[in-house]
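As structure tokens, one chain now follows by itself in the form predicted on its own.
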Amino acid sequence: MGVEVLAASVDSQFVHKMWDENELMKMVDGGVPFPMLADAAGHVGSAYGVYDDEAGVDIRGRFIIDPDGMIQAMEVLTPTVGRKVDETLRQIRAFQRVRETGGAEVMPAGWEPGKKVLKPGPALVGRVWEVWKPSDA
């Protein structure tokens, strides 16, 4: 998809290695297929607003950053609810399509490749309900 995936946490590279070998490899064939970065001081987490100073940990967050370095999407969840990789992939495809069209097309909620897109402009204002239905997604 032409994207780079990185994980970062306050855990050391040794904890990441143990977690990958003893846990993740049992769930994902071959373990995590992307780098896990050690952010022991919480600098990366602080920069993204997910570092909890009192607990000394990062809250789980996911950020989609475009090629210009701009955050296009973020999701922050407590550890009690997991993320869905398929939704992340859907959003990446949607952001890529918007970028490819220079914003001439936008993706409505739940958009999937091959589904209806919207063409923003004055003619669409107040008429989205006429041209797009959630069942179209």
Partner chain sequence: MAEKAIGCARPTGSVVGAPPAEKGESASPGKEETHVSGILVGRKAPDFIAPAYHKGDFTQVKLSDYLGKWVVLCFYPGDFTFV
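Numbering follows the first chain given and starts at 1. Since we're looking at a predicted model, the values are computed, not measured. If you superpose the two forms and keep the largest set of C-alpha atoms that fall within 1.5 Å, you have the rigid core.
One more form of this protein should be noted, the form predicted in complex with the partner chain, which is absent from this view; the next part is about it.
J.: Tell me, which of 70, 28, 104, 109 has a heavy atom within 4.5 angstroms of the partner chain in the predicted bound form?
T.: Result of the distance check: 70.
J.: Could you confirm whether residue 90 comes within 4.5 Å of the partner chain in the predicted bound form, counting heavy atoms only?
T.: Result no; residue 90 lies far from the partner chain in the predicted bound form.
J.: In the predicted bound form, is there a heavy atom of the partner chain that lies within 4.5 Å of any heavy atom of residue 16, even though the partner is absent here?
T.: Because a heavy atom of residue 16 falls inside 4.5 Å of the partner chain in the predicted bound form, the answer is yes.
J.: If you check in the predicted bound form, is residue 4 within 4.5 Å of the partner chain, heavy atoms only?
T.: Yes, residue 4 lies within 4.5 Å of the partner chain in the predicted bound form.
J.: Counting only non-hydrogen atoms and a 4.5 angstroms cut-off, does residue 86 reach the partner chain in the predicted bound form?
T.: So residue 86 does not count as contacting the partner chain.
J.: Would you mind checking 60-88 for residues with a heavy atom within 4.5 Å of the partner chain in the predicted bound form?
T.: In sequence order, 60, 61, 62, 63, 64, 65, 66, 67, 68, 69, 70, 71, 72, 73, 74, 79, 80, 81, 82, 83, 88 come within 4.5 Å of the partner.
J.: Spell out whether the Cα of residue 17 moves at least 2 Å between the shown form and the other one when the two forms are superposed on their rigid core.
T.: Superposed on the core, residue 17 moves its C-alpha 2 Å or more between the shown form and the other one.
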